[in-house]
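Consider the single chain below, provided in structure tokens and representing the form predicted on its own.
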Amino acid sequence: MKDVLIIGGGISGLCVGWGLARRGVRAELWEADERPGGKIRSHREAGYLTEQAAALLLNFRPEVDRFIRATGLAPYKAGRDRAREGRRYLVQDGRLRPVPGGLGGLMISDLWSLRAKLRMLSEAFVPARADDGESVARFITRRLGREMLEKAIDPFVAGTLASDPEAADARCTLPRLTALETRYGSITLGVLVNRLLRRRSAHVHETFSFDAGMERLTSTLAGTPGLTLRTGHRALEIAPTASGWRVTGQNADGELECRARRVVLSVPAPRAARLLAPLDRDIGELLDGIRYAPLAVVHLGLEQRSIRHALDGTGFLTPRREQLNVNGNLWLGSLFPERAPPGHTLLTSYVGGSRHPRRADWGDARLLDAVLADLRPLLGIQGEPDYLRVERHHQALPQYHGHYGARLRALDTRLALLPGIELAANYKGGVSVRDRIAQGLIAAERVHRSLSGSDRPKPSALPLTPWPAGQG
């Protein structure tokens, strides 16, 4: 019998496996695909290095820094230009405008009107509220005003999360901002306090990738000593036993079975719903109610001399009011070396999401025309690209919409009835690679603690005995 069976070999499952192996736990990981990594995949073609999904890692968490060092990945970080890394743009009135850094820069910038600046300066005097299920749009408008929502937060939520600020749960989507209100009563005061505290620490915020692309991360984790990785293994059914769980599945050779004391599900919510619904109908319904946004990732390779803009930054995001086809654009050829042939650069655009879900299904030619229609006037592009690659994800990112916090709490309550089942996927705790690493390590620690408890009851047969919340 295995200590732990992890179902799903994306970044979440791989991080759980790495964390368990580091603690000496005998873990086996099943991945239905023939390769691990989930949506993280790097592709080299015609001198360009493109990403199927996540293109970089934006980190401000010390535990992620420690993880990168412990995995031996630190020497493989892709070099980047610090000046370019820190500069970001927004589209305003059909042209790119640099986003100011810090409160001082914001106050002298003409991105916002005088009325909006006065509204933001008065944020510290806005009474704090604890509105469960409050949307991002309501939270930001209440604290910082409508203009901040429309010009800054809307493009961030739509461009990086493929989400809708009018529907997204603020506490789940913007946990750092909502936590500042909860702790300090104000975002502004919280930012100032945290900035002072940060000056006393050695931690550096940074944006990076890896020399061979983001797949370097997942391929390294897949080779973790002590973790048994089995690709081409699809889980079909989970059933309780006297000492844990029995998982039946299928591979190219036929049916298979694994018995484990603990099972970690690191698969998309609909897949987890199908596995858990026979055990608990409510869990199945809660998971099945999580919606995903479709997304098309459009990579364009161009000669640098054909672009008038200096591409002196990370890229740009687009507010809804600008009515553009792309939600955002990354200048990866400028950020990282060897992403494009000499004299060329790589531009990566994101189309679809909650803002325009049907556009993700457009054909390559239509997507190319739509993206170029946006980029030509913004970047001053002349001529045609010499490289095009389109990646489509029909279920790209989970949407933390509606009363999402209540949904997660209900999930935790129901999971307490299934001791030994753990959920670790991007519909819990954030969708970024940074968050998936951090949450995977937290899940590994939680599973390890549960295995260490010798007096913990084991599932025997349905119906299951209730399990105290917060102990498994």
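Everything quoted here is computed from the prediction, not taken from an experiment. Don't overthink the numbering: it's just position in the shown sequence, from 1.
This next part talks about the form predicted in complex with a small molecule, which is not shown.
Quiz prompt | Close approach of Gly19 to the small molecule in the predicted bound form, 4.5 Å, heavy atom | solution = No.
>> in the predicted bound form, does Arg234 come within 4.5 Å of the small molecule, counting heavy atoms only?
In response: Yes - in the predicted bound form, heavy atoms of Arg234 and the small molecule come within 4.5 Å of each other.
Quick check on Leu379: any heavy atom within 4.5 Å of the small molecule in the predicted bound form? No - in the predicted bound form, heavy atoms of Leu379 and the small molecule never come within 4.5 Å of each other.
- Going by a heavy atom distance of 4.5 Å, is Thr50 a contact of the small molecule in the predicted bound form? Thr50 lies outside the contact set for the small molecule.
query: Residues in which of 409-417, 64-72, 27-35, 441-449 have heavy atoms within 4.5 Å of the small molecule in the predicted bound form?
result: Heavy atoms within 4.5 Å of the small molecule in the predicted bound form occur in 27-35.
Of His393, His401, Arg389, Arg142, which residue is found within 4.5 angstroms of the small molecule in the predicted bound form when only non-hydrogen atoms are counted? Of the candidates His393, His401, Arg389, Arg142, His393 is the one lying within 4.5 Å of the small molecule in the predicted bound form.
- Exactly one of Trp245, Phe316, Tyr350, Phe336 has a non-hydrogen atom within 4.5 Å of the small molecule in the predicted bound form; which residue is it? Here the answer is residue option Tyr350.
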